[in-house]
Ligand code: NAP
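There is one chain below, alone, in structure tokens, taken in the form predicted on its own.
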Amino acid sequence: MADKPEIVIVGAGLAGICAAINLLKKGVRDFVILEKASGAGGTWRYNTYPGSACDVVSNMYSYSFAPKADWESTYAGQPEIQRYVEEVFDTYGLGRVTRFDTEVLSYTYDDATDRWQVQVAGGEVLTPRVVIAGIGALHNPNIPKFKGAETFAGEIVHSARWNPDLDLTGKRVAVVGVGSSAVQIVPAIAGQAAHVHVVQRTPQWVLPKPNRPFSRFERFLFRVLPVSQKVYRNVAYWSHELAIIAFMHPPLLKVFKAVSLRTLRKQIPDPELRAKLTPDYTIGCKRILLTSDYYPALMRDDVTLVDSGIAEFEVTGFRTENGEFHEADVVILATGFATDNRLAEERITGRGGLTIQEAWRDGMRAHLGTTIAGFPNFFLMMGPNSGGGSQSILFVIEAQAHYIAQCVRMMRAAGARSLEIRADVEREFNKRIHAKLARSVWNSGGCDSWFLDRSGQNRQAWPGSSVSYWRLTRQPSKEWFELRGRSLEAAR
């Protein structure tokens, strides 16, 4: 591990690991990974709630350069994904270049040396030339502030900060939220808890999740004939890719709506409950949920849908906005993550003392989701407007890791001390993508979602196919950047 690394990668999740492997493949070895947790895994290390699983086909939710032939099922659960991440981490020997239990407190760019001062807990300051922030979009839990929460005698836990010692057996449990985590939690705890209240403010569109175990023959075929797994992966990729056409042209989503309503009618025979579960906005405006066991769980006698938000907590339960009181021993907040401005709490100071809060005072923005004007040699993974609307996030992560490694190589080849995206390039790029997004279902579908920030701008989704993003990230153009100075490395 380098004592004075030229590159610091922050985060040992899927993004940070991919960035490190790409650097290694391109011959760049003078880097270190800083991870505040005690092990690799990122979001899959933290999200250990009951039923935690991926809603992307497992053969797509894996690196293209590290295929796994023995996935247990078509959609992998959290334990298996976490094992996969650890296996890749170990295979590439990243333990030798990783410092665990090392939390980054601040990043400050030194204009005199064109280096970053990265301060970690304990007081140490690293001075890399390049920082790659792989901290992830799903990093900071969104924890609503409920009136009277401090008076509640039971336990309140967020799904992303699960307490492994929490026993729900025989407890009265309230699950707050009906997003992708909630629809996994509710079926997993129904029958174990004495009763489950599902607190819903806005119903969600649901499509069936065709999950099944892989047969022994399929796994044998994947192992002895790797091309078969590539075919399976390509079929999954292009089926996901076609969906983006509908997201960008909302009238085409009628097919998805028909399938969703058919699923609802089939699994919820009770017309009154069915009405409560029927959304009034365009399908796709919020993230479409994939589940085949959530609706059946709601039909159980020991599960109740509460279609009113929480007004306040009391000692033994909570009162909803319609005045009803519900007793509870445990409250599970399945309320997602703070994605509006994911770096709002970070202490990042760029060129000339510019803070990230000042740069993003009108909302998050970047170029290709990776570089920010005013922050030389600073690269984001999964930054603004680089999220796949329907594609596996790992496809985007791989594209970005390749792009960042190419930027580092370009800077070194030019003998530059710093590389910074030009402000006019960033500005024109964001103007174009937001014009495209204005026509998308995320912007025009009539709902409030995590895609939109407080100003109503979509700061999350990429406005097009993942192929178009892949093409743009194949090779950075020198014309996009300001390359400054002769590097100390080139002078030696």
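When you see a residue number, it is the position in the sequence shown, counting from 1. Quick caveat, the model's predicted, so the values are computed rather than measured.
Not on display, but discussed next: the form predicted in complex with the ligand.
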4.5 Å heavy atom contact, Q119 to the ligand in the predicted complex: no
Is the gap between F152 and the ligand in the predicted complex 4.5 Å or less for some heavy atom pair? no
Given that the ligand is not shown alongside this chain, does G336 nevertheless sit within 4.5 Å of it in the predicted complex, heavy atom to heavy atom? yes
May I ask you to check whether W450 falls inside a 4.5 Å heavy atom distance of the ligand in the predicted complex? yes
Listed residue that, although the ligand is not shown, lies within 4.5 Å of it in the predicted complex (heavy atoms), from T371, S260, Q391, S180: S180
Checked N142, Q406, T282, T355 for heavy atoms within 4.5 Å of the ligand in the predicted complex; positive is N142
Complete contact of A53, V176 and R201 with the ligand in the predicted complex (any heavy atom, 4.5 Å): yes
Only one of these stretches, 102 to 110, 363 to 371, 134 to 142, 165 to 173, has heavy atoms within 4.5 Å of the ligand in the predicted complex; which one is it? 134 to 142
In the predicted complex, residues of 283 to 303 near the ligand [heavy atom within 4.5 Å]: K286, R287
